[in-house]
Ligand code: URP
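One chain comes next, on its own, written as structure tokens: the form predicted on its own.
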Amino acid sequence: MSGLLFSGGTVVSAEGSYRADVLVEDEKIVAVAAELDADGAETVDASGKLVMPGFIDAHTHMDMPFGGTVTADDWATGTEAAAAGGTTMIIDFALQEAGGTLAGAFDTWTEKAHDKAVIDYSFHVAVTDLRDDIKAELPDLAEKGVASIKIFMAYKGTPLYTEDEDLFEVLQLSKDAGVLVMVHAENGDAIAKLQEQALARGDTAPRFHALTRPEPVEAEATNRAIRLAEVAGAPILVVHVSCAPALEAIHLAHERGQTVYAETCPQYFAFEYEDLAREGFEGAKYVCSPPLRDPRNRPALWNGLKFGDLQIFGSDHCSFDYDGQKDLGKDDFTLIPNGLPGAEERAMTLWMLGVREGKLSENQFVAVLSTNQARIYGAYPRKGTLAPGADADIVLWDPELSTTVTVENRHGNVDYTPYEGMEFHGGPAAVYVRGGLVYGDGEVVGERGSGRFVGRSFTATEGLEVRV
């Protein structure tokens, strides 16, 4: 390529903000400095824009089977939605099939992604069947560039559920295998019993999804996973933290000096339990796990993002159509597919509710959306920074851009949006992956199949030092 010069904008990094130009050649950033000479490069006018490193969303579920159906977004529509929100790389969850191998999960997800993704990508592998041959396979993941694995403590009675002894052994093995263990922390046993009792009473409406997954079941599982990691001497990452009691367990671990990473998601700031309790079956649109909470949890979550107990902000994009998928649970809330779309709205939600309201700085915004994600998940400094040698993944963020969300102007494939009617102030004007425009003027222009796999390497010394 001839090169691009992003001129006249304000560079925003996790460390600070300053006026500078960014010069790109051959898919890489080659210089960041004031008043750079274009020297034949095409000039992109970034005046009035914030120039940020491309966002990373390390929590997505594209083309994923769940509850007898498959997510509405495949790797084409899902990554297009992500690109429209400023995301230039996702890390998706490759599920080990019952009786299958970890290599098989990697190969299956590689096939799903390779000719469809419009942005770069990587995989976590979800371990669901810890046989002896699977234990021996763990080190092979690191050689494939997979630096993280996931364990589900919830969903008892499904192939996803993992007993404590297997979680503990995976934590023990992870150190030598060179992978980070991530956990979905909810007490699966307690939830199963509460669901059984609710159905026996005839309580079948969507709101009982939340009432059978109360805050203490998340807090207990979070603390249990952290303590098991402590015994194993391994780092751990807790995904989609939704409530103050779970965050308290993480904070206490940090005070002990334990290496615990943690993520929260936009739905816990944009929505609440009352959305699940909407009239009729409407609440099914808001069913996700952990469930939406009482908004009294939000001040703690904002403080977690601000002071570093929560280092990353992922979407947990897991889209199911309202008609034909969510309505599988019309008469039984336990059969409603769990998940919300959010890859497109993630950054705009955080900007509007966080930065514009003074809860986070623009630098913390970049840290939790991009830089911390790259560091913790082993993609830094190739990703997550605007520095010479990094991939030219660039977001031109317009703090004045105004968008009213409708299902018609979304770029995914789901038949509704929980953000319907919400007005966002601030959003991506243009998005570049390795120097190529993938989104601009409200349209995805990236070519399907142009996204590339990014191999990662986990180092436990990275991550918590990024507290901002």
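Quick note: we count residues from 1 along the sequence shown, nothing fancier. In this text the structure is predicted, and so the values were computed from the model without any measurement.
A second form of this protein, the form predicted together with the named molecule, is not displayed here; the remarks below concern that form.
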From the list Ser289, Thr212, Thr349, Asn187, which entry has a heavy atom within 4.5 Å of the named molecule in the predicted complex? Ser289
Contacting member of Tyr380, Phe106, Tyr155, Phe269, with respect to the named molecule in the predicted complex [4.5 Å, heavy atom]: Tyr155
Triple contact flag Ile56, His124 and Arg452 to the named molecule in the predicted complex, non-hydrogen atom at 4.5 angstroms: no
Name the stretch, out of 316 to 324, 390 to 398, 303 to 311, 162 to 170, where some heavy atom lies within 4.5 Å of the named molecule in the predicted complex. 316 to 324
In the predicted complex, does Lys150 have a heavy atom within 4.5 Å of the named molecule? yes
Is the gap between Gly339 and the named molecule in the predicted complex 4.5 Å or less for some heavy atom pair? yes
Might Arg293 be said to contact the named molecule in the predicted complex, defining contact as any heavy atom within 4.5 Å? no
Flag Tyr416 as yes or no: does it have a non-hydrogen atom within 4.5 angstroms of any non-hydrogen atom of the named molecule in the predicted complex? no
In sequence order, which positions of 54 to 82 have a non-hydrogen atom within 4.5 Å of the named molecule in the predicted complex? His59, His61, Phe66
